[in-house]
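The chain below stands alone and is given in structure tokens; this is the form predicted on its own.
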């Protein structure tokens, strides 16, 4: 009986009862979805999933078959591997525009006390089989997590971590260019960029590598957090690249880096520029943001009629020197647990389950980009928005003499007789 229960637990993503695997799990399970799957009767789970994940074109999201070579890599290197399909309605004037998209989440590979080059190259080695699994699965566009080539050291405020910054055509980009050519894949690589031409300035940057291994362009993080431990302006300031959309062989994509997901106008601008898929490579911890995580990206997908791919790193990264965040709490040597949970959201409000909260992972999705225009036609958000009113209001708001449009009750402050 015990053996059978263990097998059921593994099938449902239940963690083994060890201290390391329980770290970051939900009651011993990889994710909320897998906990619910193991805990509820099938008919109840179906209804709960409908409410939590929505319906795609009126039906539950379908999983897709994963090629055996990718499954073998997942088993050998112990990373979560999931794949789903977003459908669109059949059209009479357009063929389906199906693209296969992948997201990778990962923990660091060596302790933060190891030599910097060893840390970076160990991450390279760790990610290569996951990227190979994406290639074996026929992924067309692949996005990595924020600052994937290093620990998320920005909140330590120690300048020595700047040594890991690279130019846009640096070591990380060159590695991924080879893989992009090998697999005919567009790869988004978020790095700490060293801008050699502008006085060695540092930026938090996503490099977009084309499926021929060429560099299509870059986007720099628009919004820098100043919350809790995440005071990242010690390293870089707000980006200067606007809201670019990159037209690739597989569709029009944009990158809304991490903290930008909290700013609805940032999402809007990518949509106004024509994005069909917006990636949100992130690094965020449970105590700070987890209740927001499944909401903000999904809302952006709905409001802007595009797909969103949300990526968050996993694990707890412990640094050699403790730090504080000015909130009166004791000094500490880590930011907390990066909870993974990477997922896709669609413009029709449906979304995939999330990857594990504590394991490396690859999420794959087939998506018919025709769904973007179908939802624009259905809801008419572009036609019913009042951009001229918003523009007028914002133009007033940014002026020093701005006065809020508040109409007070004339009797509000009148003394009673």
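Note that the coordinates shown come from a computational prediction; the quantities given were computed from them, not determined experimentally. Numbering follows the first chain given and starts at 1. Rigid core (definition): largest C-alpha set, two forms, superposition within 1.5 Å.
From this point on, the text means the form predicted in complex with a further copy of the same chain, which you will not see here.
Screening 104 to 112, 161 to 169, 263 to 271, 69 to 77 for residues having heavy atoms within 4.5 Å of a further copy of the same chain in the model of the complex returns a single hit, 263 to 271. Not one of 117, 135 and 318 comes within 4.5 Å of a further copy of the same chain in the model of the complex, counting any heavy atom. Listed residues 90, 128, 226, 198 were compared with a further copy of the same chain in the model of the complex; 226 is the one with a heavy atom within 4.5 Å. a further copy of the same chain is not drawn, but in the model of the complex it has a heavy atom within 4.5 Å of residue 241. At a distance threshold of 4.5 angstroms between non-hydrogen atoms, residue 181 is in contact with a further copy of the same chain in the model of the complex. At the 4.5 Å threshold, heavy atoms of residue 65 stay clear of a further copy of the same chain in the model of the complex, well away from it.
Although the partner is absent here, residue 175 sits far enough away that none of its heavy atoms falls within 4.5 Å of a further copy of the same chain in the model of the complex. Residues of 372 to 408 placing a heavy atom within 4.5 Å of a further copy of the same chain in the model of the complex, in sequence order: 378, 379, 380, 381, 382, 384, 385, 386, 387, 388, 389, 390, 391, 393, 394, 395, 397, 398, 402, 404, 405, 406, 407, 408. Once both forms are overlaid on the rigid core, the distance between the two CA positions of residue 29 between this form and the one not shown is 2 angstroms or more.
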